[in-house]
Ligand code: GRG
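Single chain ahead, written as structure tokens, the form predicted on its own.
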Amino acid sequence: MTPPMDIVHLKSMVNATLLELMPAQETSPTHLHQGMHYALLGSGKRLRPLLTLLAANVATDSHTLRMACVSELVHTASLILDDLPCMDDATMRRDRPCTHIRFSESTAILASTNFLNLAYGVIADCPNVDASTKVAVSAHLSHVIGSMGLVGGQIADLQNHPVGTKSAIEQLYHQKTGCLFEFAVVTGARLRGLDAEVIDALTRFARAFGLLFQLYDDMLDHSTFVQETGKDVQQDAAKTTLLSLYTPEEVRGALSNAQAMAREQLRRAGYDESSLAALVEQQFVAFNGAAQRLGV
């Protein structure tokens, strides 16, 4: 397997690009722009931009970096909304108070809206990306954000529906998490001009990887140490999750099956010996470590 690119360096370039994409904090309306900087430039993992960069396999082009940042803008917008009192009523995010607590609920909502607006603007304003690719990426993002993606996943999560149906909960996990991973890796493939067969394989990879990531998030939510997560824990205690439905043996089986599926789909897409696959394997170590700490 190809050694992974310097992830620390890639994250540094992503952070620098995110800073370039936003208005300066001193630009009016200053309170809104300060809130955006606060929400976006915290200690995030930048996993979604990394997936785009590694799928594109050209990490130094300015247009690739800008397109990679689109998923982080959308992800941050979703976190701001997810934390609001009318949603999960959280207090901590990325190791510090949530945006609505540090600023205000109205500022947080407007910052989230502006991040979504900015995401589409970034796609439209990449001069080195052809028009057909921009249209495909924009259409994909619209689906990912909408009622069949993040918005639908959020309302289903709030309602805790459907209850007790494993396949339906897996679909919820895809809407909450996997669909934005899908957007990230497929955008990278589109920037390379790869074909529909590759995009199909990466879509299947993202569903498996999203399931793994959400199971991992469930496991962290069971932790009693906020320091480990950087956000509130026990948020899902009253909700039906796969972790609450599975026996320890079933959790191990789900982790193993999803990892095998993710690896197979990366192989189908031609990424099995890539830096993308190496990054994914690093994430698997974290997933399996959390399972061991929970005794599963």
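Throughout, we count residues from 1 along the sequence that is shown. Predicted model only: the values in this text are computed from it and were never measured.
Just so you know, the form predicted in complex with ligand GRG exists too; it's not on screen, but the next bit is about it.
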Residues 48, 79 and 213 all lining ligand GRG in the predicted bound form, heavy atom within 4.5 Å: yes
Based on heavy atom distances of at most 4.5 Å to ligand GRG in the predicted bound form, which listed stretch, 148-156, 195-203, 121-129, 96-104, is the contact stretch? 148-156
Looking at 136, 168, 92, 116, which is the one with a non-hydrogen atom within 4.5 Å of ligand GRG in the predicted bound form? 116
With ligand GRG left out of view, choose which of 207, 176, 140, 190 has a non-hydrogen atom within 4.5 angstroms of it in the predicted bound form. 176
Whether residue 109 contacts ligand GRG in the predicted bound form should be assessed with a 4.5 Å heavy atom distance threshold; does it? no
Hey, in the predicted bound form, is residue 74 touching ligand GRG, heavy atoms inside 4.5 Å? yes
